[in-house]
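A lone chain, given as structure tokens: the form predicted alone.
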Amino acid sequence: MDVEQRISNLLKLGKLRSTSVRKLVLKEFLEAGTTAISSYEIEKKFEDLDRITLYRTLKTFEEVGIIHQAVDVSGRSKYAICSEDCSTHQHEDHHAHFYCKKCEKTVCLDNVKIPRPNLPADFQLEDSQLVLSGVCGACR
């Protein structure tokens, strides 16, 4: 499936209108693959892109399960494309992220799952993060 078709499918799954900004931002995420990208990186690449529109787009994508936040040790918010199991009601991206100390990239490690903790009955888990850091294969 080509990128344009994937973009169209993701917007349909999220029940979102197809706008030029949404398509542009989604293309960036699809091209990034498992690498998480920050709003700053998108902003830098497209100088004419309105910052508020970008933030609203990212928030909307996160709310409908198209992207998820990738926490890393840099302190910057980064986002990555979600797995196909995510939805508006529940993100299913319970995997680790790897932060490279040399190139500062954050990568989703889809095969490194975060175990679900056995919490007391009156606790409600909303989020869990596992961040690994070191040097990626490209920087070694």
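Between two forms, the rigid core is defined as the largest C-alpha subset superposing within 1.5 Å. We number the residues from 1 along the sequence you see. Computed from a predicted structure; not experimentally measured.
What comes next is about the form predicted together with a further copy of the same chain, which is not displayed.
Colleague: a further copy of the same chain isn't shown here, but in the model of the complex which of 64, 37, 71, 54 has a heavy atom within 4.5 Å of it?
Modeller: Only one option qualifies, and that one is 71.
Colleague: So in the model of the complex, does any heavy atom of residue 129 sit within 4.5 Å of a further copy of the same chain?
Modeller: Yes, contact at 4.5 Å.
Colleague: At 4.5 Å between heavy atoms, is residue 20 in contact with a further copy of the same chain in the model of the complex?
Modeller: No, residue 20 stays farther than 4.5 Å from a further copy of the same chain in the model of the complex.
Colleague: Using heavy atoms and a 4.5 Å limit, would one call residue 30 a contact residue for a further copy of the same chain in the model of the complex?
Modeller: No, residue 30 is distant from the partner.
Colleague: Within 4.5 Å, heavy atoms only: does residue 49 come near a further copy of the same chain in the model of the complex?
Modeller: Close contact is absent here: in the model of the complex, residue 49 is far from a further copy of the same chain, nothing within 4.5 Å, heavy atoms only.
Colleague: Check each residue of 121-135 against a further copy of the same chain in the model of the complex and list those with a heavy atom within 4.5 Å, in sequence order.
Modeller: If the 4.5 Å heavy-atom criterion is applied to a further copy of the same chain in the model of the complex, 121-135 yields 121, 122, 123, 124, 125, 126, 127, 128, 129, 130, 131, 132, 133, 134, 135.
Colleague: Does residue 17 show a Cα shift reaching 2 Å between the shown form and the other one after rigid-core superposition?
Modeller: No, residue 17 moves less than 2 Å.
Colleague: Could you tell me whether the Cα atom of residue 33 shifts by at least 2 Å between the shown form and the other one after core superposition?
Modeller: Residue 33 C-alpha, core-superposed: shift of less than 2 Å.
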